[in-house]
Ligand code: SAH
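Here's a solo chain for you in structure tokens, the form predicted on its own.
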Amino acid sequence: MNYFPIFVEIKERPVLISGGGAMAVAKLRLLMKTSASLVVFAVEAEPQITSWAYEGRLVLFHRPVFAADLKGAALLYITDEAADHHQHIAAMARVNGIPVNIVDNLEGSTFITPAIVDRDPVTIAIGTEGAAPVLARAIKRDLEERLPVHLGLLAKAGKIFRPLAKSLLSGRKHREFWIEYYDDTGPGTIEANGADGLPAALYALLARHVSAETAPGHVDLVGAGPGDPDLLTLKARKALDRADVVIHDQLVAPEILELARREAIIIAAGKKGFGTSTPQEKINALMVAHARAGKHVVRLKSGDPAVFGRLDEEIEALEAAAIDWRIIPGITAASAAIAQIGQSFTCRGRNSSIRFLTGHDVLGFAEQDWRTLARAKEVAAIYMGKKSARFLQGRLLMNNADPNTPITLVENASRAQTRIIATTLAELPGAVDGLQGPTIMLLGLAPRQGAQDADRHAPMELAL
């Protein structure tokens, strides 16, 4: 991130525009939505700018910008089409500590103006650091269609009421009051009674939340999916948005953690086979301690919490502490892996069952029903199998498995850094060499040709 998004206070402060052409008109249409004091410097100005000056909406000087004009200015826009004096004006601005934007000159600017969705006082700024303005406009168009026109009215009423609500409510109760107002009470009141109904509705809602008992702590055991944020369920997104504390394992993608509230406490509680791990007892204690403090806790697990996630141990700890809990399932990594290779877990005439296995458990390499797994046409998804690849191969061969049994390795399923490796049982130990990310082994399945072709062309790397 080379440009840090901030909102600059420009109320009644001078914002200067150098130039009086079409680009100046475009910038002024946006700036006149603000409360800034607009000053234009142009030897020649478009009729529209002259008209705005006559109406008193801006001040127009028919001359260039001088150094003395810059004193106290909040921002400077340089829109002149002739670029020969841009750098001179920009240099004067920098000497005076004034942010400067030269239209269509990213390198010469110290700030950029994003695409803006305006629901005053709600403002959404969309920036691409100048890389893709067409994309920024497309996102703006999408948001304009999604956001209700009365959003700004809700925010204005909330701003007036905020000091009273803050004096009577705190913490979780304060947040739940505003969530209910913006999600339900506010929009419903405007629809039924218009803006005039908002004050009474806010007072009634506040009275109810003040008198309500503080909700007890709660734990959501949430599946984060295989890594792609688009595969996160809507219910999981909502839980992250409302969580006070997020306790996550090491395989949860950073992009998913970004969806948590900024104010939430984020705790890494990772486990790694044959490596450093957070003891399960400590994870249990963290959940219990935060929930007892009245917090909404999200225990965030990669994939689905019910698949090799030690879910029962965590539920037992919560029940022993009399803490309320719920499970929010996620897409397990095996489902993402099978989708990537274009196959199905079950197929009529091939197999009518599928096994989910772990390569190792708390005691070491995990023993399985090897005789059944070694039969032709058996299909299994094996988690955490990299370290135990040679052990798995040996057990299957000892039970007369065909050495040519297909095995597909999917590293980082669903993520940008994913890899698909087609191999056989005979070549399995060597095939896992070099795999660093979480890997699913699909026993008995080879990638469909179309999936192999797609994977061959997918990982185009750019030097960014």
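This is a predicted model, so every value here is computed, not measured. Numbering starts at 1 and follows the sequence shown.
If you look for the form predicted in complex with S-adenosyl-L-homocysteine, you will not find it shown, but the lines that follow are about it.
Only one of 131-139, 368-376, 326-334, 105-113 lies within 4.5 Å of S-adenosyl-L-homocysteine in the model of the complex by heavy atoms, and it is 326-334. S-adenosyl-L-homocysteine in the model of the complex comes within 4.5 Å of a heavy atom belonging to Asp304. Asn412 belongs to the set of residues with a heavy atom inside 4.5 Å of S-adenosyl-L-homocysteine in the model of the complex. At a distance threshold of 4.5 angstroms between non-hydrogen atoms, Leu318 is out of contact with S-adenosyl-L-homocysteine in the model of the complex. Taking the partner from elsewhere, Thr439 is found to have a heavy atom lying within 4.5 Å of S-adenosyl-L-homocysteine in the model of the complex. Checked against S-adenosyl-L-homocysteine in the model of the complex, the residues Phe391, Phe308, Phe345, Trp178 give one hit for a heavy atom within 4.5 Å, which is Phe308. Residue in contact with S-adenosyl-L-homocysteine in the model of the complex (any heavy atom within 4.5 Å), chosen from Ala125, Met92, Ile267, Leu251: Leu251. With contact defined as any non-hydrogen atom lying within 4.5 angstroms of S-adenosyl-L-homocysteine in the model of the complex, Pro226 is the only contacting residue in 219-248.
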